[in-house]
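There is one chain below, alone, in structure tokens, taken in the form predicted alone.
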Amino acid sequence: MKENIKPATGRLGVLVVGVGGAVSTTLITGTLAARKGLTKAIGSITQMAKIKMKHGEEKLIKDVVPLTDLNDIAFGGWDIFPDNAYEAAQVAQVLKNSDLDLVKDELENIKPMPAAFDHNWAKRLNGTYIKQAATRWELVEQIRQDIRNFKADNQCNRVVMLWAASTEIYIPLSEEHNSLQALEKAMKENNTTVISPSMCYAYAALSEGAPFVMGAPNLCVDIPAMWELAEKTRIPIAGKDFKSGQTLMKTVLAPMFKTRMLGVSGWFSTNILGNRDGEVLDEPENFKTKEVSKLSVIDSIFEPEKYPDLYKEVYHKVRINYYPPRKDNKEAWDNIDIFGWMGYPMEIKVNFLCRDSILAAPIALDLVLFSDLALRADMYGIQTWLSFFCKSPMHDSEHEPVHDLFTQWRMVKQTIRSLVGEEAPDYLD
């Protein structure tokens, strides 16, 4: 019920890991401009979407549940380079200078804290503005102190931490990830092969009472040790990997094929992408992390064990190619081989020329605001209802992820309605 949700009073600190990156600076610039009335928050569910109530009345989501107002957000974070947000945004070249200049003074005042960084987890990056620590545990303590300092300096009542940094190398689940005790032991023993920098940030956030949102496909909060910590601290966790471009299309097209009972024999996806993200993903170990995330989508939607005649042997291939001239303007191609009546083959080709950070920025904003809402509503642990925004939706070992975009959207609306004691309409919306 709404009366059980703590009000969004005071300031909300949004601490971004990778605050100087393309997604982050686009998010920050757009939010600062929107709260001045200089632009619209297009693409943001929290700011623009409406929801139907029981008696047919339509309301903006932000008028149904008490979300933090954009004017009450203070941005900060960490980066491996010392550039302020204005300088970093110019390097990223997502937004025009004329748009950056609308909020130039505010962007220049957002200066990163030195990052917790390990070159072995992102070999294509050479960070120059990084923390020094003898162990992963010491790194955690430094990040925790950064959170406290930011909160005090910016007079924030609450903080949400958002990972918008690069994809780390792929690692499988190990024994050190299976319990909080084992994770802490590995951190203190400085086991850098299984404890990633992102795990240090997540542990610090949860320990300081800050919801943690994973915007990349890293193995991080999707491990039993972090679930245990989230339960212990009663803090929400959400992720993972922003569902912004090609995968967004898959979660729309695949449900259409399944609903129409059309078969699929193959799905080939390739991308060209520049910017820091593309450079990092050019490293095979880092691409493996992204590949696992992107490949996980259609199997879950198609349910081949239920429909073997249609989806038993779908050949699914994903490629990402680093192409510096495109910078943030990613181009994605999909070739889908389908078959219909009497097994006759057909083809669908999709060419999506998208702007990666333009699509990801509103997702990041929504995940932050909804995670803060979850915190104030005492909804701790895995936020399954936020699967709508993620390529690899967070789930525990006892449940399967939901990938169908329209099912995910219903989960969002039903959660919002339940928070205010509202029943769903009698019809499917």
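Numbering starts at 1 and runs along the sequence shown. Because the structure is predicted, anything quoted here is derived from the model rather than measured.
Beyond what is shown, the protein has a form predicted in complex with a further copy of the same chain; the following relates to that form.
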query: The unique member of His395, Lys36, Lys54, Lys50 whose heavy atoms fall within 4.5 Å of a further copy of the same chain in the predicted bound form; finding: Lys50
query: Listed residue that, although a further copy of the same chain is not shown, lies within 4.5 Å of it in the predicted bound form (heavy atoms), from Ile171, Cys354, Val292, Val91; finding: Cys354
query: Heavy atom of Gly127 within 4.5 Å of a further copy of the same chain in the predicted bound form; finding: no
query: Contact flag, Arg11 vs a further copy of the same chain in the predicted bound form, heavy atom cut 4.5 Å; finding: no
query: Contact flag, Glu138 vs a further copy of the same chain in the predicted bound form, heavy atom cut 4.5 Å; finding: no
query: In the predicted bound form, Thr31 touching a further copy of the same chain (heavy atom, 4.5 Å); finding: yes
query: Which of 109 to 117, 191 to 199, 242 to 250, 161 to 169 lines the interface with a further copy of the same chain in the predicted bound form (heavy atom within 4.5 Å); finding: 242 to 250
query: a further copy of the same chain in the predicted bound form reached by all of Ala74, Arg144 and Tyr203, non-hydrogen atom within 4.5 Å; finding: no
query: Those residues of 345 to 370 which, in the predicted bound form, come within 4.5 Å of a further copy of the same chain by heavy atom; finding: Pro345, Met346, Glu347, Ile348, Lys349, Val350, Asn351, Phe352, Leu353, Cys354, Arg355, Ile358, Leu359, Ala361, Pro362, Ile363, Leu365
